[in-house]
Each structure stands twice: as C-alpha cells, then as structure tokens.
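Okay, so here's just one chain, in structure tokens, the form predicted on its own.
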Amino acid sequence: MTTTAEDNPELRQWIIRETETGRSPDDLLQELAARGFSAAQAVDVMTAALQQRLESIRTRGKPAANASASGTAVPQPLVKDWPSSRYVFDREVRVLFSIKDPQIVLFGGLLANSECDELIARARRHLTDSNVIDMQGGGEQRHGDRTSTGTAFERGSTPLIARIERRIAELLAWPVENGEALQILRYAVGQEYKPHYDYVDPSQPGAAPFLERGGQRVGSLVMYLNTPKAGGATNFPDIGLEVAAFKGNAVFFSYDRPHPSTRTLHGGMPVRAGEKWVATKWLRVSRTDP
C-alpha cells in the first residue's frame, strides 16, 4: 500500500474533497487507519495532501512543489555538541534544559534585564485586548481562552527589536525574515491562555489567508520579560511539563506538522499574583509579512 499522498493521486483528492465537505481530521485519520495505514502513515498522508492543496491556493493555480511526507524542516538550535551555553550575535545564552521529543529548549539569559524593561515600557502605551486567528473567516477575533492584552512590533522597527531578532535568528538557525512581528503580551491576575497549538489547522476554511503570508508556523519562542510574583508558568499538558516564567529566560519549541502528534499543546497558566509580561516570536517556513 502506498504511504504518501504524492504516490496516490486518488487518495490525495479524496482527502481534499472530504476536508472541503467539512469532515474533521480525526474522522479522516480513523478511516485511513481502517484502510490499513499506521497512525504515523495516516498523519503523513493527510499532512502531505493538505500541504499540497494549500500550496496550490497560495500560488493561485501554479503547480505545487512536492510536500514532505515526513514533516517540514524546523529550527534547530542545538544541532551539534549539545552545549551548556552558546554565544549568539552579541550575548552568551545558557541552555538550562532540553527535550528531544517534542523539541523543547529552555534558554537562560536570552534577554538582558534592560532589554526586558525597555520592551515593557514601549508596549505598555499600546496594549489592546488579545485576539486569536478566526479559523472560519481568516481574520482575528476575541476568544475566552485568551484573556491577555498585548501589542506587536514590526520586524526591525527599532534598533532594540532588530538586535533581538538577529540574536534569535542565530540562536535558532532560522532566517530573520521568516519570523512574525514580535508580540508583547501582558497578563494580569487571573488572566491566562488556555492550552492550544500555535500551528494553523490547514483543514479549516480560515487557514488559507493566514498561510498565504509565509506558510505554516514551525516554531515558537516565548521570552519572559519579568518574573511574576506567583503563577504564570508555561505548561505542556501532553508531557507534564511546566516552565516557570523567569525574567530574561525563553522557552523554544518546534512542530514539524500541523497535528497533535507533535505534542506541542501548551498554555499560559493563570497569574496568581503580580503580572506577567512575555514577548513571543513565531517562526514560519518562509518569508512572512513583518
């Protein structure tokens, strides 16, 4: 039995057709399993088909390049030697812990205290209610799972932003231009972001407008701009991990396909005392709007 959508055009078209009629990814995965595919093969087949479909939409009818059935390339901050620290651009950054599957790395001292303070000061004057992607219409909308306020700084918009982005690019071995705008978020007492995935589900009708602007997200870097008095950790429920928010530190994680099998479900836990400030950098597969 073929195990890739590229090798089986009829199966590829069936996946696309069923998705467009409203069937959920879980339903399709169950049917593929019933046809004899392993769980991993079923995910690969569906991911490849949907990636090809989205690429054809993005290029407005031009022939799509073959999608990888084994997942998309992702940023790799620790490609050799697994060091305890790295000098990147202008700063020594410590590796506090790392997990291989899923790929999660906690960096110590990615940002200086003065940089954290400046980002907060610049952002505080421009805060608005945080939104999520509208997976039906393709824009943004308020959602009860996300109760923070925030703002965004366009790529390279100030010397501080440009310096931090260059540092991130070297650390994660990923181009600056493949990063979204730097998002600054403030969480007051009781505010949180319930567990969610950062990738965009390509089967949803609102995905295409988002993915046309740089493709799928493949990595997230959450930088802590202060240390809350209590609460505010970043949790990964699938693996039982909680990362405490500590000023200057940053947690990175990647996901090579838009599917829960990446085990990158994560959330910002409620702040119990004080406030929490973070700066988030999402990374795409290709150049994205600044």
Ligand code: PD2
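All residue numbers refer to positions in the sequence shown, first residue = 1. Only a predicted model underlies this, so the values are computations on that prediction, with no experimental measurement involved.
Although it is not shown, the form predicted in complex with the named molecule is what the next lines describe.
A single residue from the set T234, N249, T262, N226 has any heavy atom within 4.5 angstroms of the named molecule in the predicted bound form; that residue is T234. In terms of contact with the named molecule in the predicted bound form, the residue from H143, R163, H196, R91 that brings a heavy atom within 4.5 Å is H196. Considering the named molecule in the predicted bound form, the lone stretch of 196-204, 82-90, 121-129, 172-180 in range is 196-204 [heavy atom distance within 4.5 Å]. Within 4.5 Å of any heavy atom of the named molecule in the predicted bound form lies no heavy atom of L110. Using a 4.5 Å cutoff between non-hydrogen atoms, I104 does not count as a contact of the named molecule in the predicted bound form. For G267, a non-hydrogen atom is located within 4.5 Å of the named molecule in the predicted bound form, even though that partner is not displayed. For V278, a non-hydrogen atom is located within 4.5 Å of the named molecule in the predicted bound form, even though that partner is not displayed.
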